[in-house]
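Below you will find one chain, with nothing else, as structure tokens; this is the form predicted on its own, and questions on how it binds or moves follow later.
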Amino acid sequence: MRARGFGERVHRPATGWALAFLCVAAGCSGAGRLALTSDDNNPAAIARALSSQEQRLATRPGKGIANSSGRPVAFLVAQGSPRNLIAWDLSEGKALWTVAADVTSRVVVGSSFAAYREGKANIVAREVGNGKVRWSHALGARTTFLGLAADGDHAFYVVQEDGARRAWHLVALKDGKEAWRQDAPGTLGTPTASGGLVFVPFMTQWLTIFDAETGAQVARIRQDDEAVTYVRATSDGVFYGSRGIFLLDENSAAGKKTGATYGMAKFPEFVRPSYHFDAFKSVQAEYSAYDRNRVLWRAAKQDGRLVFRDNTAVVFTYRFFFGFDAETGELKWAHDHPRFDVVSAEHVGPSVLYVSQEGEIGALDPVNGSRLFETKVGSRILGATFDADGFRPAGASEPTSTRAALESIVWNKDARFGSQKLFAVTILGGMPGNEVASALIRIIGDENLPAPVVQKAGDLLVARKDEGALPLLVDALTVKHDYITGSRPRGVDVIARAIAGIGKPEAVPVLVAVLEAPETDPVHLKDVVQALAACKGSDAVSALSKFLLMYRADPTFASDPAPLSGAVDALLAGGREAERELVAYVEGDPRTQPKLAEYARRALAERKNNGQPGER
């Protein structure tokens, strides 16, 4: 006999008629208690549960859409006093209805109603078709609301009882009345419901599955090597996990990632993947900042393993969408939503739906990021729930440019997006073409951008060694100093290093002009000298000789003679006697700054010994 778990009541078996009598006496409401011991990880029980779910879903008009009309609807919570709840028909592009409602939770959708917490004390359900109140249910006092779900004609919610001794309750409602409840000795998370089943995380270790009609526990999974902090149901299946994604199937009985149908997408460093809302955090029971920074995905089982739809995982972060190859982490596409934050977004299969704080509803193609449509609601939006699984707008998509989107992200003036900008410039720098080189040149000259972004753009520009971009680099150095207009060449040191990497004599005239310009910052002269040395030619040698002679005694270079030392190296590297004699003259001139004279002395000595210039 199985040992009783903590909190289980001792009882005698009741006959069928006795159970029915008790049910009637209690108003068809039943109560149970979750235990710390149970029939966990039973593959047969899991298979039976999933089979019953599949059969029930098969009878619905739209397998993935919860409302019985099968119509794709977005439920939008609009700002105001009071707030408004808007049901927006996505296929028709218009509002079905708008009502005043103090919505303080996510909206969930059943077959004929949409439910939400109103204020702090009630759960309210409204007719999907017209927005009229269908029923209202009072929440208990001294409770913390953790979340709400709906399926068919039932709604389900979890609360934490904040009395002298905490307790957690999963409550099922039908027509606003309590149908059954399950009490728990430890933390319960926000439920998810689909196909006549209710899925509830329990103490971050278990995923418990209940029959939606009776409240009977039908299966339970104990996960040993990853916490269970979310459950998500789509037409592709039921998924759970925390750091990664488990598909609920018979393999879940393994209780470990090994053996289960499990996967994770690969992302670059700036992404901290959040695959779904944390079921144990009460703040995430409402629309909040957590809605604006997460991974949008669809997955399924293929050849015995979990795969992402179109091999793509979409990272959504405030205004930006990035489509990544789920296996390699390489960027496939990027989309920048201009000006306003996107407050809610969801991957519904063939499209990614979103709504901005200014009421712009739109859709993107998850394969390539192209925009499928966008329209305006006419209200400022706080959050949204999309009951639109499988929806894709009709019509052709609007092509998108990943390069243009990345540039737009870099120049976004919002200071919140430092890591996104750094990622965008990194990817941008790896793209070919003069448009990219031009963008990098602009970035290194923008003093308003974060320093790490400017530094990264400079490093990438230098590393490109792109001969085709040489005219752009030369043009960037031809900008004249004008103290009236404020114009001046920007990023001189970085551009000089980029020219040095190319090493073509066509750049010598502009480098000479920069070297001789009195306005050039001395800290940039070292790179200009090295660029001239790399470009070679008689004009470069002449300019370097003139520069060394003119500034050998200048106190500006007393503490750091690196620009002049670079000229010494360049002149000696040519191997000509005339340049050697010039360096010898500088070394012996008593007016030469001591550090420079010492450097020239060592350089000449090393050249005499092995023909190599001295090291700085």
Partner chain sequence: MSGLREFVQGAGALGLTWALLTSPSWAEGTGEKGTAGASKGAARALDPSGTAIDVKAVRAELFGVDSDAAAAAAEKLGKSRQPGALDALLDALSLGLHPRVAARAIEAVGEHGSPSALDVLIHYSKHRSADVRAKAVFALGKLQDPRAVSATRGAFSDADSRVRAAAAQVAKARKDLPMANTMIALLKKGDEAMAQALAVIATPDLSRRVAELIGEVPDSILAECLGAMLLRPDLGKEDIYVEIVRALGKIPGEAPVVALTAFLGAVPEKSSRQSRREAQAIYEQRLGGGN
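Quick caveat: nothing in here was measured; it's all calculated off a predicted structure. Numbering follows the first chain given and starts at 1.
There is another form of the same protein, the form predicted in complex with the partner chain; it is not shown, and what comes next is about it.
**Student:** Does Leu36 make contact with the partner chain in the model of the complex, using a 4.5 Å heavy atom cut-off?
**Tutor:** Leu36 lies outside the contact set for the partner chain.
**Student:** Look up in the model of the complex whether Lys546 has a non-hydrogen atom within 4.5 angstroms of the partner chain, and give yes or no.
**Tutor:** Flag for Lys546 set to yes.
**Student:** Find out whether any non-hydrogen atom of Asn448 is located within 4.5 angstroms of the partner chain in the model of the complex, and reply yes or no.
**Tutor:** Outside the cut-off, so no.
**Student:** How about Glu579 - does it come within 4.5 Å of the partner chain in the model of the complex, if we only consider non-hydrogen atoms?
**Tutor:** The answer is yes: Glu579 has a heavy atom within 4.5 Å of the partner chain.
**Student:** Just give me the single entry in Ala476, Ala299, Leu460, Leu525 that has a non-hydrogen atom within 4.5 angstroms of the partner chain in the model of the complex.
**Tutor:** Contact with the partner chain in the model of the complex is made by Leu525 alone.
**Student:** Exactly one of Asn293, Asn122, Thr214, Thr520 has a non-hydrogen atom within 4.5 Å of the partner chain in the model of the complex; which residue is it?
**Tutor:** In short, Thr520.
**Student:** Looking at the partner chain in the model of the complex, do all three of Tyr483, Ser542 and Pro590 come within 4.5 Å of it through at least one heavy atom?
**Tutor:** Contact check passed for all of Tyr483, Ser542 and Pro590.
**Student:** Heavy atoms within 4.5 Å of the partner chain in the model of the complex: which stretch in 64-72, 36-44, 579-587, 49-57 meets that?
**Tutor:** Result for this chain: 579-587.
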